[in-house]
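Read the single chain below, which is given as structure tokens and is the form predicted alone.
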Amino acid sequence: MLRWNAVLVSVFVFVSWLWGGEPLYVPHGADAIGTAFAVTASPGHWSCFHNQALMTDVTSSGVSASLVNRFMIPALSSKAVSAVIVMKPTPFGLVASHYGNADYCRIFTGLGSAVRIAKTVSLGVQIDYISERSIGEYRDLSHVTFEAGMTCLISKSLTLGLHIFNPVSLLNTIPSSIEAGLHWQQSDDLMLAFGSSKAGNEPLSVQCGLSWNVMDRLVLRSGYMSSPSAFAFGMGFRSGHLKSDAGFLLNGVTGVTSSITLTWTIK
């Protein structure tokens, strides 16, 4: 089993290293923003769209809506809705987002699923359709691509996650990205996460995040990412089937990026 896990990790990292680039998808999920996007190996509704293999860890179906306001500029805001449906033998997820304004907008839709191929290893994949619309002399563009993820349970409390977006960038000219992360959870109250991401010739970005369950209903989050340098913090509150989250990224140059998310869990 250890040899099989090592082969999977080596192949995934090698392919990811070949095709680094800038992602087209604006990441959502206020809980992810609150931990500086160190969620490649962390369970959660929106984490499933940062790494599709995490769908195998979802125990209840749910739907969510999210809003991201980048740098407090309305024209750079992004809205998204998503659903994760738990089914046998495999779960599946749907996501759709809208970014931009009347002059330029980008519509992103994705359909993904995941499967557990071993007791400790899960694989996920998502097919994406991206539509770019502009006014004036610029023509509209449409792209079809895919992304894939993997999780590996190293120990009872430690999980490794890997994710790649658009590994065929030479064929469709769409930028690509790679991510790797670790999730450590010793108890239900405290979670630590570490991650890294690479985008083409951009510097390697390192992320770390902390999530602390203060009470059964209240969660406090904090984190840091190195490129672009930004501190993160956020909180979440659960009441019955409804969960609300708020997250913020603070950058000394660009200012504040804020996000709010509402998630409804279907038991």
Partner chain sequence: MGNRLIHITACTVIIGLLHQLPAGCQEQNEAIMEAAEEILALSDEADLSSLLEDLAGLKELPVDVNSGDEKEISRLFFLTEFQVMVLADHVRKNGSVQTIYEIALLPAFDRSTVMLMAPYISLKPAGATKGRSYGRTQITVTESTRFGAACDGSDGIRSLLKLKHEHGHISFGLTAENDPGEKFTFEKTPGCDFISGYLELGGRGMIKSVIIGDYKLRLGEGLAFNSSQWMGSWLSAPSFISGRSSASAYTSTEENNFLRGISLVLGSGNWGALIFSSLNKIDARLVLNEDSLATGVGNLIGGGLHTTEYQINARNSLTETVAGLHLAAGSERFRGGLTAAATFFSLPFLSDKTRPENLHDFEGDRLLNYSADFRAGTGPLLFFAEAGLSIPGSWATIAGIRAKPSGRVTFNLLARCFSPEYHAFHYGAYKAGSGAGNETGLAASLHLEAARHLFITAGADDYMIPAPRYRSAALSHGGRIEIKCEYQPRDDISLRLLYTSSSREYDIPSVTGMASSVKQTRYQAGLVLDCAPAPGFRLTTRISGSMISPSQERGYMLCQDLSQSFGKIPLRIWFRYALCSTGGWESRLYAWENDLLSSFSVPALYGEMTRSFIMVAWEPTGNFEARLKYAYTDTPGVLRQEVRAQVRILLQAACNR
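Everything numeric here is computed off the predicted structure, so don't read it as measured data. Residue numbers count along the first chain shown, from 1.
Omitted from view is the form predicted together with its partner chain, to which the following refers.
Undergrad: Would you please decide whether Ala246 lies within 4.5 angstroms of its partner chain in the predicted bound form, comparing each non-hydrogen atom pair?
TA: The answer is no: Ala246 has no heavy atom within 4.5 Å of its partner chain.
Undergrad: Taking heavy atoms only, is Trp184 within 4.5 angstroms of its partner chain in the predicted bound form?
TA: So Trp184 counts as contacting its partner chain.
Undergrad: At 4.5 Å between heavy atoms, is Val86 in contact with its partner chain in the predicted bound form?
TA: It does not: once its partner chain is placed as it appears in the predicted bound form, Val86 has no heavy atom within 4.5 Å of it.
Undergrad: Is there a non-hydrogen atom of Ser60 within 4.5 angstroms of a non-hydrogen atom of its partner chain in the predicted bound form?
TA: No.
Undergrad: Heavy atoms, 4.5 Å, its partner chain in the predicted bound form: which of 170-178, 186-194, 77-85, 111-119 makes the cut? Say which one.
TA: Going through the listed ranges, the match is 186-194.
Undergrad: Heavy atom within 4.5 Å of its partner chain in the predicted bound form: which residues of 217-241 qualify?
TA: In sequence order, Ser222, Tyr224, Ser226, Ser229, Ala230, Phe231, Phe233 come within 4.5 Å of the partner.
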